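Given as structure tokens, the chain that follows is alone and in the form predicted alone.
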């Protein structure tokens, strides 16, 4: 019995050694399932259905399709936006799918998948307000943004680096609150992603309008820890496959079609 146990133990140790030798340094084994962190207050990319309580949105449906393509279970966690990257790094989930713009600063701490959608920043004002048609017209105005988003970054750059004398930037934890501040007259404009602005126009017709055209071109990507290189490769391959099969287009049409 002891010899049998000893032999079994040696086999287990040998297997572990082989696994450690085969796995590239710094790379983790593929997880059993994809656990997604998403701040579900950014329709149409991620939001909570008011009737069913279900987590919906373009990003989330695309992640579910990726899971099906890879034969992996997808679990989605609704998390706070302002801690979404720290939550990834601490292991609370292994993918962020939350309208996350690919930036050089973020690339220093996380890996991004290939871009899955192009997005741009727009200025939204109250309907009938034609005093703002470009970023330069924000001088002397109060602006609302969602905190720690690209809209927040661009508004800050305008004020601090581009010499546009924005009176105040009011930061909110979610996009709906920023629009509510505009509707109530607390600010003159909201700087936000084009897709989110479009969803707000649909939800509250006649309340807001876009001031001019998008003034940036940006790309969203899913974010992973630096060590999860195998999962990154799998997700990128799945994105290519979903596009070739027409599944990506079906999901896109669901949320952005006329």
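Residue numbers count along the first chain shown, from 1. As the structure is a computational prediction, the values presented were derived from the model and not from experiment.
There is also a form predicted together with a small molecule; it is not shown, and the following applies to it.
Even though the small molecule is not shown here, does residue 218 get within 4.5 Å of it in the model of the complex, heavy atoms only?
Result yes; residue 218 sits at the interface with the small molecule in the model of the complex.
Considering non-hydrogen atoms and a 4.5 Å limit, does the small molecule approach residue 61 in the model of the complex?
Looking in the model of the complex, residue contacts with the small molecule do not include residue 61, since no heavy atom lies within 4.5 Å.
Verify the contact flag for residue 149: yes if a non-hydrogen atom of it lies within 4.5 Å of a non-hydrogen atom of the small molecule in the model of the complex, no if not.
Yes, residue 149 sits close enough to the small molecule in the model of the complex that at least one of its heavy atoms falls within 4.5 Å.
Please check if residue 228 has a heavy atom lying within 4.5 Å of any heavy atom of the small molecule in the model of the complex.
The answer is no: residue 228 has no heavy atom within 4.5 Å of the small molecule.
Partner-contacting position among 77, 106, 171, 126 - heavy atom within 4.5 Å of the small molecule in the model of the complex
When the small molecule is considered in the model of the complex, the option within 4.5 Å is 106.
Out of the stretches listed (162 to 170, 149 to 157, 182 to 190, 133 to 141), which one is close to the small molecule in the model of the complex, meaning heavy atoms within 4.5 Å?
One stretch meets the cut-off, namely 149 to 157.
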